[in-house]
Every structure is written in C-alpha cells, then in structure tokens.
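Only one chain comes next, encoded as structure tokens, the form predicted alone.
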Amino acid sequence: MIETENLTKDFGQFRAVDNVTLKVEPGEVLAMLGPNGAGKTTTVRMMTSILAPTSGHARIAGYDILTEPEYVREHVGVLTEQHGLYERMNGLDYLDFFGEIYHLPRQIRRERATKLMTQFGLEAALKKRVGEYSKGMKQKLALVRAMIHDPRVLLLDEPTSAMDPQSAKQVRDAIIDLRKSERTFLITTHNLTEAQLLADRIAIIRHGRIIANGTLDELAQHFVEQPIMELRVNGALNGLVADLDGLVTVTKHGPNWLQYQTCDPYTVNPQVLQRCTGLGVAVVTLSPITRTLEDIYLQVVAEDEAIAQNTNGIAQ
C-alpha cells in the first residue's frame, strides 16, 4: 500500500530527504520517528503528490505519485501538522464541504461525518463553529476530515498532539479498529510510547536518511546491548554476586536483587538458578527487563551521530 524507492528531495543545495526506501503492507502501521527537521513532513508531502521528488519513485495504494496524483489523493487521508481549519463554519458543514470535494453523495457524507464525530466524542460540537473548538477538538476534527472519504491509506502527522489522555485513547482505538479492515497507516510522532503501542514497524529518520527500519524486536536485537535479566530473591543474596563471576556480568545489585547481562539466556538462566539453589537463595522471580522504544531510539541516534562524527573527522 505504501512503497517508496530511493525517494529524494532537494531544496537548492539542501537535501531534505535522502534516498528513502519504505514498504508498508495492507493493515500495517509504520511509525516514522525522528527529530524536528529530519525529513518526516517532506516525505509525507511527496507521498501525497503535494511535492514532486527530485529523484526516486513512490506508489501509494497502487498509484504512482507522479503520473497518477489524482488517484493517490483519492485513496489517501492526510493529517498535517498545520490543519488549516476554516473556523467560521460549523463542524458538520465543514466536513460536508470536504466530503463534496471527494464527490460523496450528500446523505453519505453527512452520515459519515456524524458517525466519525460521535466516535471521537464530538457529537455535541457538530453545530458549533470551529473557532469555538479547543485545540484538542480541532485536532480531532482534522483527523475526521482526513477520514471522511474512507481512504485506504492514512498518513498522520502527530495524530494525538495536544490531546488529553482520553481523547488520545479514542484516536488510538480508532486506528486499531481501522487496521482490521486492511487500512494502512504511516504515523509520524514524537510520542514513543504511543508508537510502541500502535506500530508494526518502526522507521527512524535523521538528516533525511532512514537509519533504522524494522519491528521493535528486530531493532532491539540489532542495536541494543545484550539482554538484561533481573533476579529477585526472598532474603539475602548469600554471596551470589561473587559466585556468578565468570558466568554472567552482574551490572547492578541490591540487598535482595541483582541484574546481569547474557547473550544466551536459554543456557545461562538455568545455571544461575542452580547456583541459587546451591547457596540456599530462595528465588522469587527471574525475568528479562523489557527494552523500550525510547531505549532503542536513543541508541540508534547515538550510533548514527558517532558514525557522522568519525566520518567528518576522517574527511578533515
């Protein structure tokens, strides 16, 4: 549903997007992460045929962004960072206007607008002027506008920014529900917890380049250090830290717990438990410490920065 190959955009001498290659299957959610100015918005604008790439290709919902832009826009819903809402209209008339642009019959566009506004808790605001909406309500209205024509692909730029926790959950639930009908999403966000909840795959972009792309597990295995296990016991460790020397690397420990790294937990963990038994240590739990997307993101960016500094040093 989303396929780009070496997508590149130059503004004069500045390269905003550098050979971006992505593939998103029907029903998948791809979260694109990166600092401000990394190239996320420019990439989305090329995908929607708003900007022409300097080089490279892309197909969205099966249509070429250069030769079939009208079909791309017909099958894509877009939530932009700047919504550009017309605040003098009421919510229902505003959505009706956009539904008409997509050639939806009046009854269908009215029914769809009412259904979506109700889904996002805005049913009481249907007849209110958009200028009276709160910032979070405007965000949700812009999201409904992106969905009014029932698109197969949704490109969402910070979909839950400025929303309270309940509203953000409504949006996440809507995304999860739409995935069931094979809708495809590309979401740009700074909310790493939300990305971890929603995304099937994660792409990290920096200076216009994709520096990491894969599932959370794939990125963790490739970029993060050895898994960390945490052992908690009932009572004292009874010299366990010293006894484990040579078997594992104990990174932290307290009166009744310790953490260690191992590249082979399936082999090592049973040996650790055997040593606990030999020392009379009563084990309560032995479990891995889950690496978060934040851990992975910071590690990926740090490694890319180190590579860039080394390259600059060699060039100089």
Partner chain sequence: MTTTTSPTKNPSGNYIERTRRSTLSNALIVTRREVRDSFRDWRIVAPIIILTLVFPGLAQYLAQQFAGFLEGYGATIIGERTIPFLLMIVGFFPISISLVIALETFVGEKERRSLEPLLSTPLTNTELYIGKTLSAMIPPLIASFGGMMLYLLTALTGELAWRPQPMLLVQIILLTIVQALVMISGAVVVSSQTTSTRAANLLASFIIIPMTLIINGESVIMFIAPDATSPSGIGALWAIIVAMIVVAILLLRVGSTLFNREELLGRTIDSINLGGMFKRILKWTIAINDECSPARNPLDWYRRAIPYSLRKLKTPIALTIAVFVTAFALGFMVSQDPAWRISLPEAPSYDSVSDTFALFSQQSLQQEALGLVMWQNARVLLLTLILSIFSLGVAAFVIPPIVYAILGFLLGQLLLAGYDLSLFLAAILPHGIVEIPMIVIATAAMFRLGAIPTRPPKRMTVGQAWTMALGDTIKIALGVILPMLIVAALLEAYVTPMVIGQFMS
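Numbering follows the first chain given and starts at 1. Everything quoted here is computed from the prediction, not taken from an experiment.
Beyond the structure shown, there is the form predicted together with the partner chain, which is absent from this document and is the topic of what follows.
Student: So in the predicted bound form, does any heavy atom of R183 sit within 4.5 Å of the partner chain?
Tutor: Although the partner chain is absent here, R183 would touch it in the predicted bound form, with heavy atoms inside 4.5 Å.
Student: Can L273 be called a contact residue for the partner chain in the predicted bound form at 4.5 Å between heavy atoms?
Tutor: Heavy-atom contact with the partner chain at 4.5 Å: absent for L273.
Student: Answer with yes or no whether R88 is in contact with the partner chain in the predicted bound form, where contact means some heavy atom within 4.5 Å.
Tutor: Contact with the partner chain, yes.
Student: Would you classify R145 as touching the partner chain in the predicted bound form, given a 4.5 Å non-hydrogen atom cut-off?
Tutor: R145 belongs to the contact set for the partner chain.
Student: The chain here is shown without the partner chain. Which stretch in 91-99, 238-246, 118-126, 164-172 comes within 4.5 angstroms of it in the predicted bound form, by heavy atom distance?
Tutor: Careful reading of the contacts points to 91-99.
Student: Do heavy atoms from each of L156, H190 and D295 fall within 4.5 Å of the partner chain in the predicted bound form?
Tutor: No, the whole trio is out of contact, none within 4.5 Å by any heavy atom.
Student: Counting non-hydrogen atoms within 4.5 angstroms of the partner chain in the predicted bound form, say which of R201, R73, R206, K138 makes the cut.
Tutor: By the 4.5 Å criterion, the partner-contacting residue is R73.
Student: Could you spot which one of A52, I289, L286, A282 gets a heavy atom to within 4.5 Å of the partner chain in the predicted bound form?
Tutor: The residue from A52, I289, L286, A282 that makes the contact is A52.
Student: If we check the partner chain in the predicted bound form, which of the residues in 1-30 reach within 4.5 angstroms of it by a non-hydrogen atom?
Tutor: Result: K9 alone.
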